[in-house]
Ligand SMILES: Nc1ncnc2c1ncn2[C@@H]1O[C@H](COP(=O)(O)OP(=O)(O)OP(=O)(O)O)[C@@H](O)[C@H]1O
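Presented as structure tokens, the chain that follows is alone, the form predicted on its own.
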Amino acid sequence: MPLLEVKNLRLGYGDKVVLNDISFTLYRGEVKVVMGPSGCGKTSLLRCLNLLVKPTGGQIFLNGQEITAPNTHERAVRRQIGFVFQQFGLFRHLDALHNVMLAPVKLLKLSRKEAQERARHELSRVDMLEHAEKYPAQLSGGQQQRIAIARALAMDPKLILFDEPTSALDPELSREISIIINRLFLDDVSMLCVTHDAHFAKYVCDKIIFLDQGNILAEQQPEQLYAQQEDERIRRFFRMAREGGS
């Protein structure tokens, strides 16, 4: 049974179609990347999956349970789906340790001792334990991103969603985040990641879902998709990606 199953998902605002009959699956321990040109619906898809935006049609199943059904407890769903935001979203007035502790205390009702032990464990997984007492302003962008990942892991989610995890980082820091995500993959963490970075995608994922104008044009392994010659929109996207990285 898929961990995540999306069936004919639609999202629109008036006459504007954002997502059009999106369907795909993600199995436990799998990593998939969503790519496509700006404005194609990538971030909207993530926000639908985490119920931050209500779809206008279709169904989403998490571990076999429909989370788009009426009367779904949205907060309960979000506890099962971690979300790592593009701009990190750390609390500036809290150090790294307390940023990671906060949700387990407030949402999971762990004791402060339990939450601290969990936070220290997750900080260690992303090589940030030695920076536990530092505040976000004292950390590099890559370090802040790792704290954000540790914070998502601390909720022990079934699935983690990443929205452009390397967009604010230079190439060296992007490689560091790639290494962390690969380490999580080896730990059997299930992940869906939106990115524009073809090099990053090739390094971290099993398959790429390619979106354009709210439609899935392809779902293939990176090597197959990069060699795609049939669809001009896909060819143009990766040609521009290569030129931008040269």
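Just so it is clear, the structure is predicted and the values come from calculations on it, not from any experiment. Numbers follow the displayed sequence, beginning with 1.
What follows is about the form predicted together with the named molecule, which we do not show.
Q) Within a 4.5 Å heavy atom cut-off, is C40 in contact with the named molecule in the predicted complex? A) So C40 counts as contacting the named molecule.
Q.
Can you tell me if I234 lies within 4.5 angstroms of the named molecule in the predicted complex, counting non-hydrogen atoms only?
A. No - in the predicted complex, heavy atoms of I234 and the named molecule never come within 4.5 Å of each other.
Checklist line | S44: touches the named molecule in the predicted complex, heavy atom cutoff 4.5 angstroms | finding: Contact check for S44: yes, within 4.5 Å of the named molecule in the predicted complex.
Check E164 for me: does it contact the named molecule in the predicted complex (non-hydrogen atoms, 4.5 angstroms)? Yes - in the predicted complex, heavy atoms of E164 and the named molecule come within 4.5 Å of each other.
- Item | Interface stretch in the predicted complex with the named molecule - options 32-40, 197-205, 183-191, 54-62, non-hydrogen atom within 4.5 Å | This holds for exactly one stretch, 32-40.
Report task. Just give me the residues of 7-38, first to last, that have a heavy atom within 4.5 Å of the named molecule in the predicted complex. Result -> Heavy-atom contacts within 4.5 Å come from Y13, K16, V18, P37, S38.
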